[in-house]
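This document starts with one chain, in the form predicted alone, laid out as structure tokens.
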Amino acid sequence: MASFGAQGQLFSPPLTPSLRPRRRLASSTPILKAGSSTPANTIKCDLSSSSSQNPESLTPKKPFFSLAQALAFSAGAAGILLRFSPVTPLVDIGDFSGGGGVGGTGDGGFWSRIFSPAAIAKDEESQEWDSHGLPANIVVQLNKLSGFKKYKISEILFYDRRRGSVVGTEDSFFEMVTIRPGGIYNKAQLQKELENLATCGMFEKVDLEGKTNPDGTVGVTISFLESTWQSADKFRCINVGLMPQTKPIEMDADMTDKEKMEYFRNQEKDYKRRIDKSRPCLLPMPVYREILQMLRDQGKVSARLLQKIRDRVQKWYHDEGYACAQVVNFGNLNTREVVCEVVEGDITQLVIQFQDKLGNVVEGNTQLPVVRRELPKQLRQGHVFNIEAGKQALRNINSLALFSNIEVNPRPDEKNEGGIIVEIKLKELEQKTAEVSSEWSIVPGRGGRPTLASIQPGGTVSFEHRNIKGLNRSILGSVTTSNFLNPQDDLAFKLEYVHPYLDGVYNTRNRTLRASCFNSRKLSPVFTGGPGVDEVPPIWVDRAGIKANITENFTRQSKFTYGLVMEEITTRDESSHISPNGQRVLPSGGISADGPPTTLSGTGIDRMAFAQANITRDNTKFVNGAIVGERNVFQVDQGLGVGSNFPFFNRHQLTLTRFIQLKEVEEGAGKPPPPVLVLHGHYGGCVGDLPSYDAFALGGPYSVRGYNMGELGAARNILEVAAELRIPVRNTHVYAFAEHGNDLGSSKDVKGNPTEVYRRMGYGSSYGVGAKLGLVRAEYAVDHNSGTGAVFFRFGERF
């Protein structure tokens, strides 16, 4: 409510009900939502007591503000108070990527469409209106208008008497006017508009008059003298959230001058106590200095200057993500210090609710500490609500993979003025799931032609029991084969138990235990022919065993993993027979099995136990879809001397990758990504006992592009270097690359020297160009050893 007072006393004349929705201060209660798989997030900040649940688009927009919502002005013996009364703020404030779930429409929802100026204009234009019935081009005072007619307003002009000119529509005073061109109003509504302007405290004097037009419409001119106060050279910003707002008080008209002066002194003391009880606001010193410079440049404090200060203060808050912050008061206006009172949006309560599929509140299976530990500190009670903290909470909770829908919904605390209650609404996924995925592969029959009997059905059967005891523990299993009709040939399985919060759900240390048993089969790249060598019969490596490790997460992307692996390794030929040696094709066309030994024991079967550790430091991030930053990975496998021939070894790898942003770009939805230079290095080494199947293979899509897997060699020590330049093009990017791999002369130290046996070089370089097509990399790479090029299609990322 706007109010006007004199000599430190507040009066409260009623404000005219808005004839259309006025612009609201840029604060809004975000509603963050995540869908069933990946979050689709919408945020809306609405500090009204009855917040609409229609999500708004997160497209960033410049906040708009209005002084006409409600103002209070009080001139006292020592100071003046100009009030921006709390209003219902509404503004779109941001977005981040996601798919699925319930998303915003981007147009503000149903109510925004109903109450938009365009919608109201259409409704008003459909109303009947009356011609003024007066001669054209004459000035008519407001009190001369008929109280029985509806006048159509053709235009609205603001005339500044001090400047002696009409101000443009960009002037901030236009925000205060609720009537607008094209609207239809009666005399009472126009008089109420004038009353609002006269009592808002922004004008020393304000008049409204009309000018008749030949077509029967009326043009409105609002002439005014802007309010001014003495100059100030100090500025203070205070947080008055959770403090009772100053209430307008009527002063007894029968007071004597002495009683009035005593009243003013009491008002001054009350306001000083209010300032002393308040807390410093979050505004940084650079903004303070900027506002002080505005005060110095302006000289006298004016209503326009206060609007600029308010806009600058609120812009900083909203740019920094404090979406529910708003300026409510300016005090001490007739002193050397201007006091800006801000309600920042203090969180008073955090509520977590579980919902069923219909949105009804139910008792959830997930224990609350599991959710609470994922919340940033800034989203907890006692902190100021920040949009980025809400988004981070949404991402963290979504990463648990326990919920089909997530909402982070801040709303006003009706019991604590200026407070925010953060509601987190969760819909849980089913605890037990099973899935079957199938694929059909056609293999040659007699004469090379496929027959119906040779069509092999393959696929994967998987199941999961998640969130055991509500502590996010889970059991996962999968069985995979390329032929369900004869699965014993290549049956692979994995059964894993995951136990997070190893140190307790209340402990901040984030460690997860994983224990699994497995059986897998992969084609070995060690037994591969080099250039010009006839096709080498493949060797398959079967691994079966158990594995247990503990992963400690330092950040969302950086972690340390350590554990123990016990496995049995069997090498087989393409007929699934155990093969203790590699094979080669003889000139006669026959196959000889006198190649390099495939296992450490020489029998085709090895058993071993080793410790494994991996540390990852990753601070990469996405800038408009392009990854930038750095990633370092160090891994060690340490043999324990347990198993076939008592293997004792140390196998280590170091990978360094840099994603260098070459150009600064503006971040935001729809903005182009920057060009990026990728520099990559990988070193691998091994000392001690090394079976052939664990040798480092050179060549392939994730080693040196332009070569087949292992085409350059197999070695104890390798060094790979690569550079890639990525240039954004529309919704993807093209790139050029150059890579080199070298065995550092260690190929001969691999048992049986498979690099020499299969006539591989031991080193190689390549260069080429490529384009990212969705999930596929289309590349043309030149093999520098032979000088020939080829086109490759690969899935996933190289780095």
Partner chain sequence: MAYQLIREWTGIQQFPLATRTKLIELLGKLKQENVNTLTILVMGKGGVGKSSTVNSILGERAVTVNAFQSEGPRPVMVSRSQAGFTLNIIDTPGLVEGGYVNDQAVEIIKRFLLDKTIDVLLYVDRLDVYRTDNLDKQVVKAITDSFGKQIWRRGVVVLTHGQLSPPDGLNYEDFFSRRSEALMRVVRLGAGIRKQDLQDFAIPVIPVENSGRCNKNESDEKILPNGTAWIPNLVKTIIDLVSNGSKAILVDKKLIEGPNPNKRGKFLIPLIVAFQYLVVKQIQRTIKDDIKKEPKVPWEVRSANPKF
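Between two forms, the rigid core is defined as the largest C-alpha subset superposing within 1.5 Å. Numbering follows the first chain given and starts at 1. Note that the coordinates shown come from a computational prediction; the quantities given were computed from them, not determined experimentally.
One more form of this protein should be noted, the form predicted together with its partner chain, which is absent from this view; the next part is about it.
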*Closest heavy atom of residue 560 to its partner chain in the predicted complex, within 4.5 Å or not?*
yes
_Non-hydrogen atom contact residue 386 with its partner chain in the predicted complex at 4.5 angstroms_ = yes
*asked:* Does any part of residue 378 reach within 4.5 Å of its partner chain in the predicted complex? Heavy atoms only, please.
replied: yes
*Does its partner chain come within 4.5 Å of any heavy atom of residue 600 in the predicted complex?*
yes
_Within 4.5 Å, heavy atoms only, one stretch in 669-677, 458-466, 591-599, 138-146 touches its partner chain in the predicted complex. Which?_
591-599
_Can you pick out, from 279, 372, 236, 494, the residue that has a heavy atom within 4.5 Å of its partner chain in the predicted complex?_
279
*Just one of 193, 346, 573, 567 has a heavy atom within 4.5 Å of its partner chain in the predicted complex. Which one?*
346
*Going by heavy atoms, what in 630-653 lies within 4.5 angstroms of its partner chain in the predicted complex?*
634, 636, 638, 648, 649, 650, 652
*Superposing on the rigid core, does the Cα of residue 417 end up 2 Å or more away between the shown form and the other one?*
yes
_When the rigid core is used for the superposition, does residue 344 move between the shown form and the other one (threshold: C-alpha shift of 2 Å or more)?_
yes
_Per-residue C-alpha change between the shown form and the other one, residue 316, threshold 2 Å, rigid core fit_ = yes
